[in-house]
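Structure 1 and structure 2 below are the same protein chain in two forms, each given by itself as structure tokens.
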Structure 1
């Protein structure tokens, strides 16, 4: 699951990153490279590489004669996939999930509208296929199978939009959907209305009906938001 794992430096990052994003060190806290190197039992070279990466994520700032200062949340590169993963795995997971779902509700409808204009025949086909897959797994405790198709469906929509900024949110949406199934309470079977909306959306894209695609996606994301409100009002 963890993308980083490769190398000693990645292992340290996978411990220190989550600690920082979890807020274990309040903003302004100062860490010393030497101490960290000692704590993780790695050389200063490795520790320096870790600090550089954390710095590029704007989680910390390294200054001479001061040390490695933890930056306030508002500075963090919250779109960094790594940061998103760390935060979703941490304590403020609910807040994070809500932020991301709101982002979804803004982006996906527009993306779907563009997809209706730009999707290739292959993309239309996969969309239909995935929607049917969702239908097939919508009853009788097949949540895992349903999730696979749901994630793929939304990824295709975002990719087919033709906008690379949208496309890059595929991973984020996948994380959100996955989290809903695995971590949060999910009813035995998915909402039948939502399944229908997906089928209709695939249809709208295939028929190049941008307005309808946008509206349908808006309904899907509104549903996702309402689901959150029920869980954590």
Structure 2
């Protein structure tokens, strides 16, 4: 493990962040940085860097004469990919996955309709390439390879929409897809119908069929919710 300041603060964050998001430090708890520095055997400067990162995520707030205080969940930057990753690693995973998948179902169909209108030839080609990559990894328990293409596919859809707000959700969607795979909230092989829908969506975007693109994406997200009902009730 790296002994640099960055490596040390990352090691502390990997433990302390999930503890906060899991509720081991309830809102209003005061974190004693001296005690934490001793617990993790790091310097005060490393702990100050840890606090700065947690503050940027709105998990904690430094208050004069009080210290570092854990904020309520409603204050957290729930779109931060690291916060999403930490929450998906905890006991609240089913609810978090459902919340994020509902977000996807609200955003991605609209983004796909826009992508059908705005995608460049290069983006259409990449969508087709990624869809075929999903097909190639859809059998034989190749979920990691499938995930690479699945994440890239949805990033292209969001980016090709031409809406910078949608594009910024690429990391959020990637964390949802990654979390499902790495926490065994996927079947051993992806649903064949879902794979086919991605191929058809790539075709709809290339053909500039916005209505069909939107409907196909809605079917993809509805299918994802139905899988959660089975795998993460």
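Residue numbers count along the first chain shown, from 1. Just so it is clear, the model here is predicted, and its values are computed rather than measured.
Only structure 2 matches the form predicted alone. In the motion between structures 1 and 2, where one rigid part swings relative to another, the hinge among 81, 148, 103, 170 is 103. Rigid-body analysis between structures 1 and 2: the smaller part rotates 13° against the larger, C-alpha superposition.
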